[in-house]
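Given as structure tokens, the chain that follows is alone and in the form predicted on its own.
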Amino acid sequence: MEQVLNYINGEMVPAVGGAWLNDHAPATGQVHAVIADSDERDVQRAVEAAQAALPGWQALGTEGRSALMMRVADLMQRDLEALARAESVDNGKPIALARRMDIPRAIANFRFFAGAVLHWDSEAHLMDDVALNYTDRQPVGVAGCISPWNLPLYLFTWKIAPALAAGCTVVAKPSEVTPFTAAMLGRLCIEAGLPPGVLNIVNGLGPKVGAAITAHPGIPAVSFTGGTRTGAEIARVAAPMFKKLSLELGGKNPVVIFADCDFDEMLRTTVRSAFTNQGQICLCGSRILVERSLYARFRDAFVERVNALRVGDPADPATDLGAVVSEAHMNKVLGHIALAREEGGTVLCGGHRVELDGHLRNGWYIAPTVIEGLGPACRTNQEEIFGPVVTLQPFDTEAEALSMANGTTYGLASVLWTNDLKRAHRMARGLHSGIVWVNCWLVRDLRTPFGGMKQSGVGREGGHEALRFFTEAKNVCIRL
């Protein structure tokens, strides 16, 4: 059975304590690897390696760091197919999705930030004949990066690439549920010649490894993507230590559909925004709000499209939905569906576990589920489900739509469908979310700020926002 090792100080090593965790393949429910079960001792080794590597990494300068990062990206491109297959096995997502989105985006993250740091300008302010002020941005030092299981390599590189480009060294923790491609990245970093200690990957459980990274006094900045409850705990520990924090947390994203939309384009995209990656993307639209005059037409067409989605073997290119990530998560999602029924909701399609044949018979599959008849205040419309489950709700006025869209504790993303330009601007201005997609979904420009409002997080990632997070600004004032 394959071992998923830590990558510390340029070497692939087991946990100091010698313990292992099981890594399950969601498609089959079977153990397919064991993971290093690390603890604070492994984090300490990683921090020491990162601190020792910091002067040399910064001495390379932006061009030297950029060149090494581009080399890593080239190796990822070479191994794209192997990485996609590993991601599909480890996460349960369709291999076609990993091949089309996850791995290309992970490669793009490295390439984008390797290029962006070369063109990052500084600010200068001339005070007439008095003084010249300029901004010197210096790396924070050792950065802690903790990433989730839903888009494993995609979001892992989304954090470590800007940190490395900015001149930080990194201690990173991938999710213990999906650690495989992070370990593969570690081996590619060795092949690329990344100096030992620049990137360190420590596997293990959140309460042991994630907590140790958060609390370590040698890590002045922590970037985390995951659940809101975990984010609150990280903030509780890190805030008294005055650490820089970037927290990208949960979402309960609305899709607001007006009757004047391009119906066919909207329908295709709304199916995709609801069920891509089995609904396990923080940006998925799980609350679909439809203008009442269009509601019946949309509901019938949407349910027909959803019923046609194919749940099956992630290795089959024809599969639309693979397995959800774990048995525990499957049971959690099914529990939310049962709650929706208790609250009076009507399940229009799905609502059950899908049982496949052969070697997939013990896999964790859920039929894509559409529910109507629930009010905005019910738990199903308030709590993050993070699975292939959406609700439908009609609205009558623009004001009502805005109130419903903003009526949760989350504020990560929203989608708006209308051909009325003035309405699009009004609604975009009024929606309480960090991202508003108008007549599209998941169109991402890596230069733009990414993050949420309310309980969806603190801070922004992406573009210069990420480079700013991993640096400290220093004003230098020179008297003329």
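Please read these numbers as outputs of a predicted model, since none were measured by experiment. Just count from 1 along the sequence shown to find any residue number.
There is also a form predicted in complex with a small molecule; it is not shown, and the following applies to it.
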Looking at 369-377, 346-354, 147-155, 238-246, which one sits within 4.5 Å of the small molecule in the model of the complex if you count heavy atoms only? 147-155
With the partner omitted here, the residue among P162, P174, P388, P314 that in the model of the complex has a heavy atom within 4.5 Å of the small molecule is P174
Out of G322, P254, G251, G363, which one falls within 4.5 Å of the small molecule in the model of the complex, going by heavy atoms? G251
Are any of the heavy atoms in L83 no more than 4.5 Å from a heavy atom of the small molecule in the model of the complex? no
Does the 4.5 Å heavy atom contact test between G210 and the small molecule in the model of the complex come out positive? yes
Is M266 one of the residues lying within 4.5 Å of the small molecule in the model of the complex, judged by heavy atom distances? no
Heavy atoms within 4.5 Å of the small molecule in the model of the complex: does E233 have any? yes
